[in-house]
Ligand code: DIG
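Given next, in structure tokens, is a single chain: the form predicted on its own.
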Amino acid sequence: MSDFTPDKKYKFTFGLWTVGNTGRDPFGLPTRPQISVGQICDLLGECGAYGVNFHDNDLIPIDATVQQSEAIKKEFRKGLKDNGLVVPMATTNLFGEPVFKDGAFTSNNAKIRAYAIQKTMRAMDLGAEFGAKIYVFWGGREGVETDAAKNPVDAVKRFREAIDFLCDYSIEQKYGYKFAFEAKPNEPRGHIYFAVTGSYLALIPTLKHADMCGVNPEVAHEHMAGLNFVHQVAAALEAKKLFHIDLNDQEFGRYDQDFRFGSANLKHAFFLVKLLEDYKYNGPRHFDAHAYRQSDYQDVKEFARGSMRTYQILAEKAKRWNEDKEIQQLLREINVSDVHLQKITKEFSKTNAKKLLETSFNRDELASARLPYERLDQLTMEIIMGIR
């Protein structure tokens, strides 16, 4: 059995804002001191991570001088080099500053919308400077508390216009970015536009450069809405739009908890890992999560190591599931093929429609087919629990 030392092939990444989180929450002050970008790189290097991601203002404070900015970037470059880390993804903070209190790209104020695009352009410049090739968009303030405040149709149009502009900017600058959109149903807004991954999958075909746009689904965000995250990722995979993924965990129906991956819903985590591994997802596996507020930085390292370790343990269990003879026999029994009918229903034609209408089906016989799902699920649980 593997010792589950982090394997670079999985491209495990963390954000400056994740391991650098100081433990502050809406009801309490920080419980950990702030550490520098160099110290964050050292922490991740010690834990065996592949890379580190950032929002523009995670790296460079919004009011930093040119001299301050250059000093921080120099420290960050050294930290990356010393620890063998890369920067696969960057993003923009369009939610923290008061100017974005009512949205960025979807604001009712044209000047704020323009400022949001400008800020993103500069953040894209910064990301490209460190080699990022994926650019994530999370619209944390793109929403409302009351629909009296904003026309939702106008909001979608404004968002589309901003993305089309920024796609063209990336192309003109030859950055080679792929854009990945991150959905969330609520928090910090009462209702956030593009609430689930499927909302973005519907938007993407309407964009000017749909080919360079995909999604960045997050476990916690879909679980907040009570959805099956595996199904959301499957839809993105099938559409060839899974450009990036945020791994964490979450109790269903709670606020955005951002727990360590696999720490709350292990069965869901297992099937997510199995899906990603079965379909050979090769993008970054980003842990957008935080250590418990009670943790010190030694425990934050355990959080980082644990996130990666859990993924690799579940990847090994998924392999075991795929190789289990009884499980595979049950799957063969459950998945009934009929080459003749599959050929007829694969593509419509008058001939195929006629053949299908002439086919006789025995409903009672079809209904009596065994579906031993209890046995299959129990075998799955025994794989997860490590006794099979």
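Remember, predicted model here, so these are calculated numbers, not experimental data. The first residue of the shown sequence is 1; numbering continues from there.
What comes next is about the form predicted in complex with 2,5-dideoxy-2,5-imino-D-glucitol, which is not displayed.
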Sole residue of 291, 136, 132, 104 within 4.5 Å of 2,5-dideoxy-2,5-imino-D-glucitol in the predicted bound form, by heavy atom: 136
Using heavy atoms only and a 4.5 Å cut-off, determine which of 222, 249, 142, 246 is in contact with 2,5-dideoxy-2,5-imino-D-glucitol in the predicted bound form. 246
Taking the shortest heavy atom distance, is residue 120 within 4.5 Å of 2,5-dideoxy-2,5-imino-D-glucitol in the predicted bound form? no
Any non-hydrogen atom of residue 32 within 4.5 angstroms of 2,5-dideoxy-2,5-imino-D-glucitol in the predicted bound form: no
Exercise: residue 10 in contact with 2,5-dideoxy-2,5-imino-D-glucitol in the predicted bound form, heavy atom 4.5 Å: no
Report yes if any heavy atom of residue 277 sits within 4.5 Å of a heavy atom of 2,5-dideoxy-2,5-imino-D-glucitol in the predicted bound form; otherwise report no. no
Just one stretch in 211-219, 264-272, 197-205, 298-306 has heavy atoms within 4.5 Å of 2,5-dideoxy-2,5-imino-D-glucitol in the predicted bound form, so which one is it? 211-219
Would you mind checking 160-183 for residues with a heavy atom within 4.5 Å of 2,5-dideoxy-2,5-imino-D-glucitol in the predicted bound form? 182
